[in-house]
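To begin, one chain is listed below as C-alpha cells, in the form predicted alone.
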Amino acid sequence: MASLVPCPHCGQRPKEEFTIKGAALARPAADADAVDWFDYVYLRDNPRGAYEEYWHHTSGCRRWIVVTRDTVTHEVAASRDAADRARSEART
C-alpha cells in the first residue's frame, strides 16, 4: 500500500508526487547578524518525533505545503499550505 500525504488542495495523494525540501524554519530578518544567518543556513536539528518540513507537490498542484511528519515512523500527521504560514509570520 502506498503512503498517502494529505494535500490541502488535492486531498490524499501518493508520497511519490511530492519533493521534500527540508525543515520548515523561520527565516531570519534581512538585517539579522551573520551568526543568525549561519545558524539558519548550516545548522539543523535531527529531532526524534514530530517535525515540520516544506514539501512541494511537484506532480500535482505544484503548491508548497508544510507537512508534520514523525521522523521515527514516517507517519504524516498533518499538512497545511505554506502560504498560510508565511502570511501569519508577516503579521507578527
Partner chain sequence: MSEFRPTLRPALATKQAVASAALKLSPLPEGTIVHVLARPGEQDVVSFLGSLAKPAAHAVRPVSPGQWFIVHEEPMPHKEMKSLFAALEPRATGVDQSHGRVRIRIEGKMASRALSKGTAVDLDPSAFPVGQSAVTLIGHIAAHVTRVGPEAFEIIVLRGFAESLWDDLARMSLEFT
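Just so you know, these numbers come straight off a predicted model, no measurement behind them. Positions refer to the first chain, counted from 1.
The protein also exists as the form predicted together with its partner chain; that form is not presented, and the subsequent description refers to it.
In the predicted bound form, its partner chain stays beyond 4.5 Å of every heavy atom belonging to A50. Its partner chain in the predicted bound form is not approached by R80, whose heavy atoms all lie more than 4.5 angstroms from it.
Shown here without its partner chain, the chain has S59, G60, C61, R63 in 40-70 lying with a heavy atom within 4.5 Å of that partner in the predicted bound form.
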